[in-house]
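Let's start with one chain on its own, the form predicted on its own, as C-alpha cells.
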C-alpha cells in the first residue's frame, strides 16, 4: 500500500458516526444517512465483553455471533446508501463476519438493491481455535497486567480476538465494497481506513495516519462527542431527543472538522470534542493503534462556531511490532440482589440487613471470592468518599453481590435475600422481581502478539448483493 498513487479527491470527505456501541440509538444511522450529505457511515459495535457474549451466542447457534440488529437496520437504509453513494464500514461482524455478511446479502436483496451493491468482509482476527498452536510456538500471550502466561487459563478461554488495523478495510474498499463488515477491527480504523483509501495515504505517513486515528477516536463513541454524556453544561444541551451524531469532514493533509447535521440536537464545541478525546486515552503521548502511535499532546482544536471544531497538527510515530489481543475467559459465577428501605433510618436499616445477610451466609458455610455491599442512593458511586448518610435520607437501596468459583454456593446466596423481608429490618420493598439470576463471570485478559502471527491470516472477500 505504500506505493499506491495519491488520489485527487477534493475535500472534504464526510465520515459520519452511526453507532458508539452495541445497543446504541437505532435511529442514529438513519438520521445520519437521511439528514444531509455524507460519504461514509461508520458504526462501532464492539467492546471487550461484547466479544465473549457473541462467542457464547455462536456456540449455541453457528449462524449467530454478530450484531444482529445491524441487519434489519441495513435493510432500512440500503436503498438510501445505494442512491446516495454512501459506503458503510462496521465491526458488526463480531466473532462471525461471514454469518453477518451472508445475512446482509439477504437484507440487501429484500431491500431491492440486488445487483446494485457489494458486501465486503474481513476475517482472521479470531484466534480462539489457534491458541494451542500459538502457545506451542512460543507465543506466551502473557497478561499485560499480571505477566501470567495464557497457558494458566487457556482451558477457560471463551473468546480471543486481535485488534486489527486499516489495511484490510482499505483493501475491501479498493475492491469496490459498498458495505464492509469486520470482526475485531480497532474502533478508530473504521474512520481512518476510508481516509487512507480516499486520499491515497501511505501507511508510512505517520502524521496523517495519526490524524486519522484522532478522527476515529472522536467518531467511535457516537454522540459522546456531540453532546451526549457531556459534563460541561450538560443541562443546556438542546433537543437531546434526537441528538446529532458526529461527522468528520476530513482533508488530504490530515486536518479535519468535527460537526453534525444541521437541525439535530446536541452540540459540537471545544468542550464536547475535548471530553471525547481524553476518554480512554491512557498515556497521551503514546496512543497505540495497529498502524501508528499517535501523540495526543500535539492535537490542536479551533472552535469555529456553528457546531464546528477544526482539529489539526497531530503527530505520530511508527507502529509497534505487536498487536493487542482481547481475551475473555470464564472466572466463576456471580449474583446480585436488591432490597429498598424507606425512611425513617433508611440507611441504618439497609446496613443492618447487609450485616445480617453476611452473618447468615457465614453460618451456612458458603464460600465466595468476594462479597460486596452498597447503598444505592448514597455510596454506590463514591464509596467511602460519600461519608455518612443523613438521618433524613428518604430511601436507599441495599445492593449486595457475591462472586465465587462454586456455582451452588452462589445459587444458595440468591435464596437468602427474600427471607430478609420478614426476618430483617422493617420498611422494606423492592423484591417483586424474584430471586437474582446467577451469571457466569467473563474476565478480561489483555495480551500482545507479534503481528506476523496474525496479519498473514487476515482475509478480504467482496460479494455482489
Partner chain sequence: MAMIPLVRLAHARSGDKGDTANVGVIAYDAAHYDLLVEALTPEAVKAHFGELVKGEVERFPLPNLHAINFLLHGALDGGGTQSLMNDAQGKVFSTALLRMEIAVPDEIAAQLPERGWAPDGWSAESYTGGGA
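This one's a predicted model, so the numbers in the text were calculated from it and none came from an experiment. Numbering follows the first chain given and starts at 1.
Just so it is clear, the following notes concern the form predicted in complex with its partner chain, a form of the same protein that is not shown.
Contact check for residue 315: every heavy atom lies farther than 4.5 Å from its partner chain in the predicted bound form. At a distance threshold of 4.5 angstroms between non-hydrogen atoms, residue 275 is in contact with its partner chain in the predicted bound form.
Looking at residue 296, you'd find a heavy atom of it within 4.5 angstroms of its partner chain in the predicted bound form. In the predicted bound form, residue 142 stays away from its partner chain, with no heavy atom inside 4.5 Å. Note on contacts: among 271, 135, 356, 393, the single residue with a heavy atom within 4.5 Å of its partner chain in the predicted bound form is 271. Of the residues 51, 398, 402, 42, just one reaches its partner chain in the predicted bound form with a heavy atom at 4.5 Å or closer; this is 402. If you check its partner chain in the predicted bound form, you find a heavy atom from every one of 230, 370 and 384 within 4.5 Å.
Note on the interface: of 328 to 336, 149 to 157, 193 to 201, 68 to 76, the segment with non-hydrogen atoms within 4.5 angstroms of its partner chain in the predicted bound form is 328 to 336. Residues are counted as partner-facing when one of their heavy atoms sits within 4.5 Å of its partner chain in the predicted bound form; in 222 to 244 these are 224, 228, 229, 230, 231, 232, 233, 234, 235, 237, 239, 240, 241, in sequence order.
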